[in-house]
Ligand SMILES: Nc1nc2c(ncn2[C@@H]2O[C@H](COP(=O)(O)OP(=O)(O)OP(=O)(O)O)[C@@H](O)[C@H]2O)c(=O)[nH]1
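Only one chain is given next, in structure tokens, and it is the form predicted on its own.
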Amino acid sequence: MTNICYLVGTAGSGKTMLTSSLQQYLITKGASLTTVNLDPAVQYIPYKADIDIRDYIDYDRLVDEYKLGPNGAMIAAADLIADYIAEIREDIEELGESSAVVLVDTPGQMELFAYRNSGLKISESFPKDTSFLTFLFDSSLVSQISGFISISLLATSVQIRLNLPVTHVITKVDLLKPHQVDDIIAWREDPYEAIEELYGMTREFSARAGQIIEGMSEIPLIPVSALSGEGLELLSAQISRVFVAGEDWSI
């Protein structure tokens, strides 16, 4: 059985650093894992990728051969991933069978995985009951209520698009003060008052946005720092609950 955890979030939210820190943490806990890089344009990754999309797609060649700008080349590369889905799936299944979990570091530009067909086809290649999303809430964006609401609605959109269970993570919490983390968690638990005060939005809009965010209360929201290691134990425990029923990773 191949258990897959996709790390998804906006550009700069810390997907690659969290993948690296989580890989190191899980290894120390005795977990066998496979790590996948799905970003064809990344220049450097601080972890060992067992499967690397750059082995299939040459981003720089796309730029040179088709005279594309950065965004055009990223879209072309994302669409080309569809041509290699069979090979990627075979690689993941081969390595994943002997791993407790497969960590998938998705492209820096989230929409390339969440909204282009290649990302959807990859996620649909594996059973939903052995796959889930870890959606990253960038602390630099969600420390203000407007950013928190926007990212919360975006997280809902991605979950609907990929139709997978999800865990939410506040990243880079080492950059926040403790009361800021407390505020974010409080907004999740009771969003209505904060939403109503935001820019004088209408009561109807506030109520609808609040209902969506309130509906997330069942989804874990875990503060994490890839730099300090804060929260990795909680995130690891959540992954363990999903994939190995909370048992020790070494089992």
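Note that the coordinates shown come from a computational prediction; the quantities given were computed from them, not determined experimentally. Start at 1 and count along the sequence shown; that's the residue number.
One more form of this protein exists, namely the form predicted together with this ligand; it is left out here, but the text below deals with it.
- The single contact residue among Ile195, Ala226, Ile53, Leu26, judged by any heavy atom lying within 4.5 Å of this ligand in the predicted bound form, is Ala226.
- This ligand is not shown here, but in the predicted bound form it comes within 4.5 Å of a heavy atom of Thr10.
- Taking non-hydrogen atoms only, Gln238 never approaches this ligand to within 4.5 angstroms in the predicted bound form.
- This ligand in the predicted bound form comes within 4.5 Å of no heavy atom belonging to Ile85.
- A residue is said to contact a partner when one of its heavy atoms sits within 4.5 Å of a partner heavy atom; Met17 meets this definition for this ligand in the predicted bound form.
- Judged by heavy atoms within 4.5 Å of this ligand in the predicted bound form, the contact stretch among the candidates 142 to 150, 168 to 176, 114 to 122, 88 to 96 is 168 to 176.
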